[in-house]
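First comes one chain, alone, set out as structure tokens in the form predicted alone.
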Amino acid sequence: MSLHPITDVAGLHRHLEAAIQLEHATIPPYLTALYSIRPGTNSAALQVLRAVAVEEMLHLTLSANILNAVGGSPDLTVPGFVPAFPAYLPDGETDFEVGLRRFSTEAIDTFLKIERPAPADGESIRTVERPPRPTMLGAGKVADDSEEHFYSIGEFYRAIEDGLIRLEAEHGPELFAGDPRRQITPEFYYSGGGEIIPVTDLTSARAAIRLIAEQGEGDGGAIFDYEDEIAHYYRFQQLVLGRYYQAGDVAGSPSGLPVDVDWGAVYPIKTNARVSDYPEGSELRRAAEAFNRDYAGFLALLTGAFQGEPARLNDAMGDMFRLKDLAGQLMRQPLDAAGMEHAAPTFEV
């Protein structure tokens, strides 16, 4: 799968499939940093990471709603859906890769790049050149010069919105002829992070995109979104700058209460761990494999929910608690006698 400017419904489907993959690709890194924090420490960082991860699940679900509304079929179980970390994001940033690492200044620096703001409304969409190397959009896939590569997630969604507007003008209401029974509606989604938006037309699709973009990076880089919640970018920035944002602040200069962060209160987990890092036949190897099986099951439940069985979303959310316990068991285990490095989940599906 590669991304080219949206000119037809098939191209729109590819962009929305990439959007679902993109939203998911942020979740393992955020969860890894979250679970690596030692119990009883870093309450501010825990709150930020937990809230952002929950909202990314909302964004994933909203993207699935849009894809279903325009006749697509979300599938989180296809080969290559889960990236082999470290990896580039599907929307095309090339100046950084996303990996699985402990809570640290390095991790937060990557998260700031993930959530970096797009330009304000009315400015042109920035694209970037991708070097000729494999991408996470497919095993062995090498980018070509005609592909789209966006500088930020917000600009990627703006391109999707522009495509929806053009295709709706061309096809009329028939563009949104997807089965409404596949929509995740509020009665099936109550895990927090904001209100789910069923998508039935251009207006509701644009509302879903607005929520995704503003929660992540703010409206044109604004600190607060239209619901007066702090955008992801600025939540992460608070941890680095050491103060909370409050109303009236300008970007980069929060003036609220101090944010207490203990960068050392973490399990020293192995960065971008692989199952092959754990001895064959060992308890660690079995635990890592069990985590990956359960994570595959979690993605299968989400796929079922998005393909016409929305009640399965509740089962998937329940699985998240079991995954947290499995991740914690791994992260508490040293990889050597000195305890300098600990195990970690690998998210190899």
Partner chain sequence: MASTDLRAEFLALSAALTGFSVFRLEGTGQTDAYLTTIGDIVGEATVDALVSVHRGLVDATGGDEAELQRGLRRELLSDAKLGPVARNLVKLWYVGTWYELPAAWRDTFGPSLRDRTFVVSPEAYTEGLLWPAVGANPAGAKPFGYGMWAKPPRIDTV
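Quick caveat: nothing in here was measured; it's all calculated off a predicted structure. Residue numbers count along the first chain shown, from 1.
As for the form predicted together with its partner chain, it is not shown, yet the points below apply to it.
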Task: Among the candidates 31, 37, 284, 296, the residue which, in the predicted complex, approaches its partner chain to within 4.5 Å (heavy atoms) - done: 284
- [ ] Could you tell me which one of 12, 25, 18, 330 places a heavy atom within 4.5 Å of its partner chain in the predicted complex?
- [x] 330
Open item on the list: I'd like to check something about residue 289: if you look in the predicted complex, is any of its heavy atoms closer than or equal to 4.5 Å to a heavy atom of its partner chain?
Closed with: no
Task: Interface membership of residue 315, its partner chain in the predicted complex, 4.5 Å heavy atom rule - done: yes
Task: Site check 262, 265 and 274: each within 4.5 Å of its partner chain in the predicted complex by heavy atom - done: no
